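As a starting point, one isolated chain is supplied in structure tokens, in the form predicted alone.
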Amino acid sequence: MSAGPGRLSASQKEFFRINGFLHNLQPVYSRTEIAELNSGLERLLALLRPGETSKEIREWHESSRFLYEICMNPIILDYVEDVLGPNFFLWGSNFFIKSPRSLSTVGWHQDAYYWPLSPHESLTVWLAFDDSTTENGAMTVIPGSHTAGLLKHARAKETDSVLMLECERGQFREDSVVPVTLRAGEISIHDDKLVHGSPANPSDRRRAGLTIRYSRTNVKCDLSINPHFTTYLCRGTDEYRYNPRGVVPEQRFARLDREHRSIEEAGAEAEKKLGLR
């Protein structure tokens, strides 16, 4: 049983420790509220330039108060605090939107493999803007895979995956896969070392979700790799002060015009970091 909105029971905390993920939590947003959030998403999509996709809406919580307030939702922060502890910051957000009949997949991977962060004490919150089901490409996870540390990744070949590097097969049990299905307004939480991915969306329904990244305050970013890394303290104190701090945005909806590393560049940096090239 849940310990109440935004709080985890002892059994849920233990489940996360063993399995590396959580879902089936009480909704963060009601159906009415999620409809309002989707209206806000349309405002953000309208800011995209010709040729851009929703993937460009990355770290826009730094420029759009709308997204910043979602990332700082007290219910979400309560859940995160029960996993990370009292001192943590927000640093990342981006949308993952699969259009109806999309062939795109996300291959098996670990977030921490791509992130220039140390130590690996971060997590992702996945907020569903649409119902996310097995029919429209819900995220899938390998329970317990986070306990093995960083796994070997290899360049993807003959795949529809949007990722350049994927976990090499044989390092985890694919027969233990669990689909993380969510109703619109619900969230899932997963450890930065959890092996996860998602299939294509052959359905006639969109699958949209916002990922939000949080880390303990002792986590330090390699600014030579990501010089734009910006943090927002969510709870507690930042006694380390390892990373730059951001300014809370004032505009409700605004672009963040910044050159981000492409998936290919992030993959190359990951290979370099681990001495693979």
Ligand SMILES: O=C(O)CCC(=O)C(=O)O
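We number the residues from 1 along the sequence you see. None of the values given here were measured: they were computed from a predicted structure.
Another form, the form predicted in complex with the ligand, is not on view; read the next lines as being about it.
Taking the partner from the other structure, the ligand in the model of the complex has a heavy atom within 4.5 Å of a heavy atom of residue 190.
Looking at residue 207, you'd find a heavy atom of it within 4.5 angstroms of the ligand in the model of the complex.
The ligand is not shown here, and in the model of the complex it never comes within 4.5 Å of any heavy atom of residue 180.
Residue 198 belongs to the set of residues with a heavy atom inside 4.5 Å of the ligand in the model of the complex. With the ligand left out of view, the stretch that reaches within 4.5 Å of it through heavy atoms in the model of the complex is, among 167-175, 147-155, 74-82, 124-132, 124-132.
Of the listed positions (63, 226, 243, 211), a single one reaches within 4.5 angstroms of the ligand by any non-hydrogen atom in the model of the complex, namely 211. In this stretch, 72-90, not one residue has a heavy atom within 4.5 Å of the ligand in the model of the complex; the partner itself is omitted from this view.
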